[in-house]
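Take a look at this single chain in C-alpha cells; it is the form predicted alone.
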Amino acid sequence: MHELSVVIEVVKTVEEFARENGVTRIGKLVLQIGELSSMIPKYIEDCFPCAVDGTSMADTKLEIEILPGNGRCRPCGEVFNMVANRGACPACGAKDAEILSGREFMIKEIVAC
C-alpha cells in the first residue's frame, strides 16, 4: 500500500506550507484524485488518520474530490469517460484513446482555522 507513504509526504508538504505562511491550524485539506491515477481514494482516507497522528494536522478534516478519467477517441474525436465506458469509445467502439484527464493527484485546497 503505497498510499501511506504518499499521504505522509502530503502532510509534510502541507505542514511546511503552513509554517512558511504563519498558519498554526489547518481545518481542512482538499485533495483531488483522478479516476485513472494509481491512488485509491478509500486507502487515502484510511491512511490519513495515521499520517497526521502526532502532527499539527491531527484535527484536520480530509476531503477528496474525484476527477473524471476522460479520453478522446483517436479515430473519431469523441470525448468520453474511460472508466464508465471501459476504455471503449461510446460513439465508434474503438479502444484507442488519448487520456485527457484522470491521472491527477493534487493538493487543491488548504483551509486554515
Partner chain sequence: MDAFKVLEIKKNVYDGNDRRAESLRGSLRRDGVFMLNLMSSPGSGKTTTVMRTIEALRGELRLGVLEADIDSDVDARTVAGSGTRVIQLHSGGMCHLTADMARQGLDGLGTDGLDLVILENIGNLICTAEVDVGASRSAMILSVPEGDDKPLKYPMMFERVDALLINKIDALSLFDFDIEAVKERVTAMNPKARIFPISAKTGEGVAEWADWLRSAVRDWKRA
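Positions refer to the first chain, counted from 1. Quick caveat: nothing in here was measured; it's all calculated off a predicted structure.
Beyond the structure shown, there is the form predicted in complex with the partner chain, which is absent from this document and is the topic of what follows.
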query: Does at least one non-hydrogen atom of residue 98 fall within 4.5 angstroms of the partner chain in the predicted complex?
result: no
query: Is residue 94 close to the partner chain in the predicted complex, meaning a heavy atom pair under 4.5 Å apart or at it?
result: no
- prompt: Is residue 10 one of the residues lying within 4.5 Å of the partner chain in the predicted complex, judged by heavy atom distances?
  reply: yes
message: I'd like to know if residue 64 sits close to the partner chain in the predicted complex, meaning any non-hydrogen atom pair within 4.5 angstroms.
response: no
- line: Looking in the predicted complex, the residues of 79 to 110 with a heavy atom no more than 4.5 Å from the partner chain, listed in order, are 105, 106, 107, 108, 109, 110
